[in-house]
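Here you get one chain, nothing else, as structure tokens; it is the form predicted alone.
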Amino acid sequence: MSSLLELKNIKEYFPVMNARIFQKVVGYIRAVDDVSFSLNEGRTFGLVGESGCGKSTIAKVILQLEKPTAGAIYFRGKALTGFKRGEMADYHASVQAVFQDPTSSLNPRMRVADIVAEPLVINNSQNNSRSDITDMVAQTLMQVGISPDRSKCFPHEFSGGQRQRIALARALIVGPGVIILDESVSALDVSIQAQIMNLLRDLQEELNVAYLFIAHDLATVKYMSHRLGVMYLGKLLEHGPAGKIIEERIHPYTKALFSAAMPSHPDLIKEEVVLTGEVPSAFDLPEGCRFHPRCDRAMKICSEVEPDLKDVAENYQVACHLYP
């Protein structure tokens, strides 16, 4: 399976300044620290973890809203650092995003037709005429289940689920290869979540688009993802096929995450794992494994040596001293 987008050893550090000493850097917040994974055509990579673990920062790095401190991003086998202006414009058209809150991500003063058409107008490399753009807007709205007859309405005239469909249409209209879905269903009612996720899967099958699916809700990640990455304090702790991770849950942090999730059936008995303590600061990280202060299986080496991601099965990696 071809790799469409690949992240290699990405780091994103934010400097912390001393307010008393002008421009004196006293340390760094390590929001993302040496993360690598790839997105394949027509597949979904799920990214889960507690708030502040670096998931959205990775999305910003991919979208080039933040420049990585270190590491490289490859698109179709070529590093972004070697892209010329035209190639970078194509990259921005090929990598789109749908965010959590459709109300704030849609301009309330623009009509839906103009909102959906805007990326196409900006990235109009095909020199489409106005009538062509109008036809493409109508076609894309129908793809996401919105009647083109409502294209002259404003965002506030739609429900939350419909607004998220409009945001998805805006991402789709330029024919992207990758769509970043950053908590894109978490603000919706459960029944609407199911409709949007089914729509996303249908569109993926039809268009062969790759998704980076960022979420807190493990049930939605389980339903959507082909591969899965579990993050904690800027690090990938477990990385592999989604079904295998959900079944095996090798890392103690992954076990705790799934233990905290709602069961899929009321009669289902789950292993109970209770995390103690607070999440450490990304500015003052603990020595060794970042999870060891909260881990009930921590050993002496865990507080001394940070574990590397190691293969425990084919295409399945875990960063834990319990699995040397």
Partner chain sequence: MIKSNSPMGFIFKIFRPGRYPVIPITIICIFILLAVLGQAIAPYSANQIDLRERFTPPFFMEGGSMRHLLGTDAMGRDILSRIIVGTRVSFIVAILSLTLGGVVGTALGIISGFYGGTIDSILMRTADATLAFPIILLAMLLAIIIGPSLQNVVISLGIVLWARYARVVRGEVLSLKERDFVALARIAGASGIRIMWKHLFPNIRSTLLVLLTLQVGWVIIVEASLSFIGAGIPGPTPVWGSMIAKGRDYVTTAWWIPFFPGMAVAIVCLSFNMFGDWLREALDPRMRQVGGGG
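Residue numbers count along the first chain shown, from 1. Given the structure is predicted, the values throughout are model-derived calculations rather than measurements.
Although it is not shown, the form predicted together with the partner chain is what the next lines describe.
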Partner-free chain; cross-checking the partner chain in the predicted bound form, the single residue of 63, 29, 298, 285 with a heavy atom within 4.5 Å is 63
Of 170, 239, 235, 251, the only residue with a heavy atom within 4.5 Å of the partner chain in the predicted bound form is 170
With the partner left out here, check for me: in the predicted bound form, does some heavy atom of residue 111 sit within 4.5 Å of the partner chain?
yes
Check: Is the gap between residue 105 and the partner chain in the predicted bound form 4.5 Å or less for some heavy atom pair?
Finding: yes
Is residue 154 near the partner chain? Define near as a heavy atom within 4.5 Å, in the predicted bound form. yes
message = Just checking whether residue 244 would be counted as a contact of the partner chain in the predicted bound form - the rule being heavy atoms within 4.5 angstroms.
response = no
Testing 76 to 84, 90 to 98, 206 to 214, 132 to 140 against the partner chain in the predicted bound form with a 4.5 Å heavy atom criterion leaves exactly one stretch, namely 90 to 98
